[in-house]
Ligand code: BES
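Only one chain is included here, represented as structure tokens and corresponding to the form predicted on its own.
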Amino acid sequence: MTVTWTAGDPMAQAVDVLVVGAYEGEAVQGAVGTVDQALDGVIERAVRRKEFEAKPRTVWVGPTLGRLPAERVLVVGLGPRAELTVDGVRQAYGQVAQKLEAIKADTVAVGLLGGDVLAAEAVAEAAVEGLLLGGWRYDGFKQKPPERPPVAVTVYVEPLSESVRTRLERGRILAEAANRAREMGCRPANQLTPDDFAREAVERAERAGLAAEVFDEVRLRELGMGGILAVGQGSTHPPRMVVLRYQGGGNRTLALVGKGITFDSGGLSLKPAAGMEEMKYDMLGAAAVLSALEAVAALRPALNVVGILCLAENLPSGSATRPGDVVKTFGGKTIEITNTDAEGRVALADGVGYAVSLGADWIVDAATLTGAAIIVLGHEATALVATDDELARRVETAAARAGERVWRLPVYPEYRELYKSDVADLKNAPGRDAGTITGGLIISEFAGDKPFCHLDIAGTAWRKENALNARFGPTGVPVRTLVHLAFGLAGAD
């Protein structure tokens, strides 16, 4: 799907599909009323028959029979007017995008749906995000990929002010960044090794104007990063760490640390075979951090941002880390490995410790860390584990702005007792009790006294279909949350 914008009236355009919105429980009026009048009341009759009720994200499609410049009309439900939110607008546009793909639309005209209720600038940003996220598709590696050209959507705004134009462009940057993370997640592990990921990260960083540095296995060993080395030592593809830097000015720095396990078999603590193919998604935290840094570079908040990608492949072999091994991480803290399938926190230990050494003022990690997060929150929210109330509040605000739900879990002192070790500073897998919380707290041990926040995206980084995800697969969470966080900490969001 391609999305452009211009000044003008969408109903005056000779396109394949005209899109208008309707509110639940109201008479057919406004733009949809004008369309209905031209079509002799066909939409009103559909409402009376309950064929279309304008509930959130429902759609109705019909021909115009030459009575309007557009050949077809698509009406999307916005729900009750009084309950419309910016995220509701974003999801409505996402549902529109999916329907446009399904009906094989060619050219499309749409205005600012909900612009009579919410600020035009907010609707503009949400519109482009919803269209690009909802209309995203991955063609994969098929011998004959789909030949159909992308749907071409034009958003018509009258008047098209500079502030609205800025927010339309911002929506594009955020959505395209999220979609790049999704595309990486879809690639099979044989097409995205740790070294492949690192090389692509450097190439994208150079195009975005970011400084980039890669630590190979030799440099990791010199730096004493035994955590990430231990995770990757069973694979023939050695681990990598990538450090990305954006200089936005000032003397405050946000560090974003991403888990990038390009394939997670569980190591010697082998996962069950059923569903293991999904473990190519275990790098989505690092993909999100990379994509967020690109968006930050394009949007330029007045804040320094460092991205640290912890890249490894967790496989069983004669050289793999064993349960019972003790590894020394960057900075000297030791971890007893009681379960090699709890590898993300071990790799992230080095990344978070390195962020501290760089002088970061805030540290946030994103990781597909625990299946327990899905048990607690399903696929509807990211689990948030934080050691600093103010940073947690900032992350919650950023997530709300992005429409990417987070839910903060408690960090009672008793939880820290669970991962004490008899032979090391801590153990990596204390058991099932409070598994998502202890996973986040273990990582927090390497942040020292820095404000720290952990985002467990195991339930939200990939999921089944919803308004912004046309099929099972990666969602792009939490790219947009991380970008909004950078602006929030810069005092500009």
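Quick note: we count residues from 1 along the sequence shown, nothing fancier. Because the structure is a prediction, the values reported are computed rather than measured.
The same protein also has a form predicted together with the ligand, omitted here; what follows describes it.
In the predicted complex, no heavy atom of residue 330 sits within 4.5 Å of the ligand. In the predicted complex, residue 167 stays away from the ligand, with no heavy atom inside 4.5 Å. In the predicted complex, the ligand sits within 4.5 Å of a heavy atom of residue 369. Contact annotation: residue 343 falls within 4.5 Å of the ligand in the predicted complex, judged by heavy atom distances.
Taking a 4.5 Å heavy atom cutoff to the ligand in the predicted complex, the contact residue among 419, 362, 281, 354 is 281. Just one of 264, 294, 125, 404 comes within 4.5 Å of the ligand in the predicted complex, counting any heavy atom, and that one is 264. With the ligand omitted here, the record of contacts in the predicted complex names 256 to 264 of 128 to 136, 256 to 264, 168 to 176, 147 to 155, defined by a heavy atom within 4.5 Å. The partner is not shown here, but in the predicted complex the stretch 417 to 448 reaches within 4.5 angstroms of the ligand through a heavy atom at 429 alone.
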